[in-house]
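Given next, in structure tokens, is a single chain: the form predicted on its own.
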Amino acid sequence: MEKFDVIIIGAGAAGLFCAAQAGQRGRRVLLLDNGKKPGRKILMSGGGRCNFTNLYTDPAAYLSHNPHFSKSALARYTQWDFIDLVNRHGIAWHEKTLGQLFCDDSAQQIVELLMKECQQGNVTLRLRSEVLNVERDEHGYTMQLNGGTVQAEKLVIASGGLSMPGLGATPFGYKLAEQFGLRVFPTRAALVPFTLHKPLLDHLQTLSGVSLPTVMTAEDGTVFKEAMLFTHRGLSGPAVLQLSSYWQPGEFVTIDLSPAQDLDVFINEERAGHPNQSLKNTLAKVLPKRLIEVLQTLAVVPDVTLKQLNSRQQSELVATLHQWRVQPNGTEGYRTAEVTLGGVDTTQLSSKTMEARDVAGLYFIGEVVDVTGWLGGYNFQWAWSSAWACAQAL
């Protein structure tokens, strides 16, 4: 039986970083993953350029049943600490929007950074490793793998959530938490596109690929001011992905299709100068033309000139375009979700070390924990921060 100081399950962002940090602190670390290569989700993130952190990382950008839990780790290993590491590895990066930082070149650079850090810590990495059984005794944790038996005093679960099953996501971490008596909150897909009911979907499908700036509001009052994208299944884009984390089945979302322009004022100004202009062509100056055509088929936009548009029609139109209420049919689910909401109950973990309070030597980090960030690098920063906090205690 091979013995290690620490075994970490999951070679994603959190697992790789924790392994590197623990190894560099002199621990004998075994890092296991069920896939063919490490960092699979990192490689495809941010359109292949990895949105590795956010300049504005703050605990307020995280959802959890225990909202204070993330504060300690985020304060002790910050976005500036990870940016410093990226700079030390000579990786060029840029800010896209809203504090989102991306590699200039490729997400592969972040995986290589993590692998170099692991090599520096003499981490043993074993891929295509399936954990068949985990047992705990006075010596620590013994694991049956598909290639033998390993033992360690400490066990770190960094196996992620259920999002993107095509990249090897499994419920392993949740099942192991339950095996050792920890509560797991129900999980659901987050940062995920909405699907729509027919017949609305049939009308909007023709808009697939059309994007526009919006302000979207959930029923709980959460607001995001970002772009929305029409797809052949429904609605996507940053505003939709953000709001999906706050949406519950059956609820409506409210969309301001023209946040930068007061349409009532705009229509009145246009009427004064061009009374015989069609309403459709007028609105096409501030909204996508194809969207106006679809809204006309939905009887939202009357087929009239500005001169013919009466005050009741105008007020109804303006109210609809600034407060378009849509009831999603659901979401596209884990297949396309960027992260998983829910997970291991953080009240049962130490916010300083990520160790289970009642199970010595058992730690949970990253997405498997009930901490879910906004779109835009926040979830990667949680991976780095929670991994670092854990590694200091190993």
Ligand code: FAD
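Start at 1 with the first residue shown and count on from there. Note that the structure is a prediction, hence the values are computed from the model and not measured.
Another form exists, predicted together with this ligand; not displayed. Remarks below refer to it.
- Although the partner is absent from the chain shown here, none of S64, Q242 and G343 has a heavy atom within 4.5 Å of this ligand in the predicted complex.
- Heavy atoms of V29 never reach within 4.5 Å of this ligand in the predicted complex, leaving it off the interface.
- This ligand in the predicted complex comes within 4.5 Å of a heavy atom belonging to G377.
- Interface membership of G12, defined by any non-hydrogen atom within 4.5 Å of this ligand in the predicted complex, is confirmed.
- Not displayed here, this ligand is approached by T170 to within 4.5 Å at the level of heavy atoms in the predicted complex.
- The stretch in contact with this ligand in the predicted complex, judged by heavy atoms within 4.5 Å, is 158-166, chosen from 304-312, 288-296, 270-278, 158-166.
- With contact defined as any non-hydrogen atom lying within 4.5 angstroms of this ligand in the predicted complex, the contacting residues in 37-63 are R40, K41, M44, S45, G46, C50, N51, given in sequence order.
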